[in-house]
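In the block that follows, a single chain appears as structure tokens, in the form predicted on its own.
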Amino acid sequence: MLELSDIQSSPEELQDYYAQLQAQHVTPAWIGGGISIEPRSEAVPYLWHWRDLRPQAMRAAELVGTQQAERRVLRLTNPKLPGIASNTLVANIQIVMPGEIARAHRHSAAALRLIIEGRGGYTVVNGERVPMFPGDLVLTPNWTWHDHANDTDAPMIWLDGLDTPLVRMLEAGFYEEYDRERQDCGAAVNASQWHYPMSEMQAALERLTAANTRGAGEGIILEYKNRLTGGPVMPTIACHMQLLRPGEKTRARRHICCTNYHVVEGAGYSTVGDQRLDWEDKDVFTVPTWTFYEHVNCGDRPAFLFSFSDAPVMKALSLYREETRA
């Protein structure tokens, strides 16, 4: 019968052995950080208020031109992570002023734009002009040419979501600039595979709300689907819109995926882990992976919460799981 061995080495012998390993760039795993029973994210729950973000975006437009910054972007940074909102996804605020163009390029990272402010600017994706109105979701999948333009008389501001940290971690990132500042394009179209108007999503949610009087502890939630495949909008990013009726509270749940939220409209709060995040129109907040969260609409009007996550990656790798608190 085999038994566990007990070798009585002196501290001096072990110290000398570990020094030899270190010199050879080898680490003994038995003195490492150990095995975690479940995921423990370095990220923390955090909320960015629109009342703070918008003045800073406008100030950036005063101080930095598009010649100095190809994309005038404010990156929302988790207090515990290096320059990113969550481990695999970034959340940015981007502003394009009247008459400006954010020049055309493409990259390995997949990106989404959730329009916050402005009416009638546009993004050109692979030569197709896509209009941008508040609440619209506009996609620029990986390696698609895209540029942004604002031919209105007011700022265009949106939330960027990209899988840049994931691409960087996989060492798979490429980038290329277009041979001109902007792409040729035709008139704006609404039936684009890159464009999900808020008007259509809001109408669908309200139809479901009218048919669902009991509620199921989740509010009314819909996933944006890829118009060609029927799967998530992009291979690495899933997007959802959730409607919470006045006074509605969701069950506490957690998932193996990083999730960032944008409050399209409404007022309420989310309990994420042991923190309460009070939100209102246009705020942004992040929910770390495998952290219990619940949402409450404490206002007198419906609340619309847009979210994007890396769930497709976790599902593709058979790592995804979810749990509802009893």
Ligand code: GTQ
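From a predicted model like this one, the values you see are computed outputs, not experimental measurements. A residue's number is simply how far along the shown sequence it sits, counting from 1.
What comes next is about the form predicted in complex with 2,5-dihydroxybenzoic acid (GTQ), which does not appear here.
Chemist: Report the residue, out of 150, 92, 142, 250, that has at least one non-hydrogen atom within 4.5 angstroms of 2,5-dihydroxybenzoic acid (GTQ) in the model of the complex.
Modeler: None of the others qualify; the residue that does is 92.
Chemist: Which one of 221, 81, 73, 101 is close to 2,5-dihydroxybenzoic acid (GTQ) in the model of the complex, taking close to mean a heavy atom within 4.5 Å?
Modeler: Residue within 4.5 Å of the partner: 73.
Chemist: Name the stretch: of 239 to 247, 195 to 203, 225 to 233, 104 to 112, exactly one has residues whose heavy atoms fall within 4.5 Å of 2,5-dihydroxybenzoic acid (GTQ) in the model of the complex.
Modeler: Selected range: 104 to 112.
Chemist: At 4.5 Å between heavy atoms, is residue 254 in contact with 2,5-dihydroxybenzoic acid (GTQ) in the model of the complex?
Modeler: Heavy-atom contact with 2,5-dihydroxybenzoic acid (GTQ) at 4.5 Å: absent for residue 254.
Chemist: Contact between residue 85 and 2,5-dihydroxybenzoic acid (GTQ) in the model of the complex at 4.5 Å, heavy atoms?
Modeler: It does not: once 2,5-dihydroxybenzoic acid (GTQ) is placed as it appears in the model of the complex, residue 85 has no heavy atom within 4.5 Å of it.
Chemist: Does residue 160 reach 2,5-dihydroxybenzoic acid (GTQ) in the model of the complex, with heavy atoms at most 4.5 Å apart?
Modeler: Flag for residue 160 set to yes.
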